[in-house]
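For reference, the chain that follows is the form predicted alone, supplied as structure tokens.
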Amino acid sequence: MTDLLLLFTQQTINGIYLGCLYVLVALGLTLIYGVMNQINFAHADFVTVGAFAAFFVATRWATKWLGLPDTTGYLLSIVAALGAGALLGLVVNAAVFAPLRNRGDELRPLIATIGVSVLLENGQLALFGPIPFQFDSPFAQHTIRLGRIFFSQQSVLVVIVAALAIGGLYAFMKFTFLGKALRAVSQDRETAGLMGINENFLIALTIVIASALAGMAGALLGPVIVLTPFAGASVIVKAFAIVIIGGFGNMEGTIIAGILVGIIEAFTVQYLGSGVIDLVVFVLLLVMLVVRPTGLIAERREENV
């Protein structure tokens, strides 16, 4: 294996790992837009809540109080973060989004997401303070080597979790009654209601699933980012870019765009340095908006989500 091919393989593996992290964050945004035709500006803070939930489960409850091994504690923290995100989505939908949505004004729920974001950020700031937390994953300390190619167990874990999340979401949307009903609501909400589908329940379910994905993404991002009450903001802008590049509301496009952005980032770090990562990603976004404004996969309402 030549050095050039070795380098290409190594950076591609690194890029797939980064891309899977981005996909987990962006999938929730895509799901909400695909079903509700709405953007959730509080999504970053759902990611942060998941990261903090995972941190305290992994470093306090599982390891110190229950005496579990670090690896088991971290795996449990991913499940806990998923649950925390789902619970938060359920509460926020019932308390904020549902009452506003029933008034028939699409702008109010959108503005409400900004208010929820500010509330969550300041609430976490009051609880945890501004000083960053160090969240180390035990899997990141172990390296797997295949000849001259190497990657951490954390990378493998992220790819596995992302694959399971994508596969589970796909199976749910394509093969279950609730998934088919969600797709019907995304295509034509009024007609779906006339057919006896409870659109309010399905919209709530959409928010819960998207929030659970955000929480799980926070658990996997926690060891990568600086864990503060504003941690989610460091990745959410890039997640929005991925959603736009992939095609708003299109799950397949989001997955492809996320992996693509991750690979581009890996090669950018190798050849241009980490300081221009955001520049390269947003240049790609601008090029896509000019050349193909519909995204990698054009939006078709009957095939969204």
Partner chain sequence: MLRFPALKLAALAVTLATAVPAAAQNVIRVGVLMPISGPASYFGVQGKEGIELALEQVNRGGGVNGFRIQVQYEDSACSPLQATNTVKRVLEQFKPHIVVGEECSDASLAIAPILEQAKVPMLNAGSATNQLTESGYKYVFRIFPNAQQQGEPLGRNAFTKLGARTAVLLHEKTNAGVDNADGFAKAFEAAGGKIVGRIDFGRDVNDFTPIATRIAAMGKVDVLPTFGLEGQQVRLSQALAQAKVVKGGGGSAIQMGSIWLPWGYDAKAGQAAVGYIRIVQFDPTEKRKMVTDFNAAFRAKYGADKTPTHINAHAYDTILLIAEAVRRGAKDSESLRDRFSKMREVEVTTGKITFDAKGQNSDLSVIHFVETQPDLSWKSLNW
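Residue numbers count along the first chain shown, from 1. Source: prediction; values computed, not measured.
What comes next is about the form predicted together with its partner chain, which is not displayed.
Taking 4.5 angstroms as the cut-off for heavy atoms, does residue 274 touch its partner chain in the predicted bound form? Contact check for residue 274: yes, within 4.5 Å of its partner chain in the predicted bound form.
Touches its partner chain in the predicted bound form: residue 191 (any heavy atom, 4.5 Å): Because no heavy atom of residue 191 falls inside 4.5 Å of its partner chain in the predicted bound form, the answer is no.
Any chance residue 18 has a heavy atom within 4.5 Å of its partner chain in the predicted bound form? Yes, residue 18 lies within 4.5 Å of its partner chain in the predicted bound form.
Using a 4.5 angstroms cut-off on non-hydrogen atoms, would residue 135 count as touching its partner chain in the predicted bound form? Output for residue 135 is yes: heavy atoms within 4.5 Å of its partner chain.
Choose from 142-150, 93-101, 205-213, 170-178 the stretch whose residues reach within 4.5 Å of its partner chain in the predicted bound form, heavy atoms counted. This holds for exactly one stretch, 142-150.
Please tell me whether the candidate spot formed by 14, 131 and 235 is one where all three residues come within 4.5 Å of its partner chain in the predicted bound form (heavy atoms). Per the other structure, all of 14, 131 and 235 touch its partner chain.
Report the residue, out of 110, 195, 160, 125, that has at least one non-hydrogen atom within 4.5 angstroms of its partner chain in the predicted bound form. Of the listed residues, the single hit is 125.
Only counting heavy atoms and a 4.5 Å limit, does any residue of 65-79 reach its partner chain in the predicted bound form, and if so which ones? Not one residue comes within 4.5 Å of the partner.
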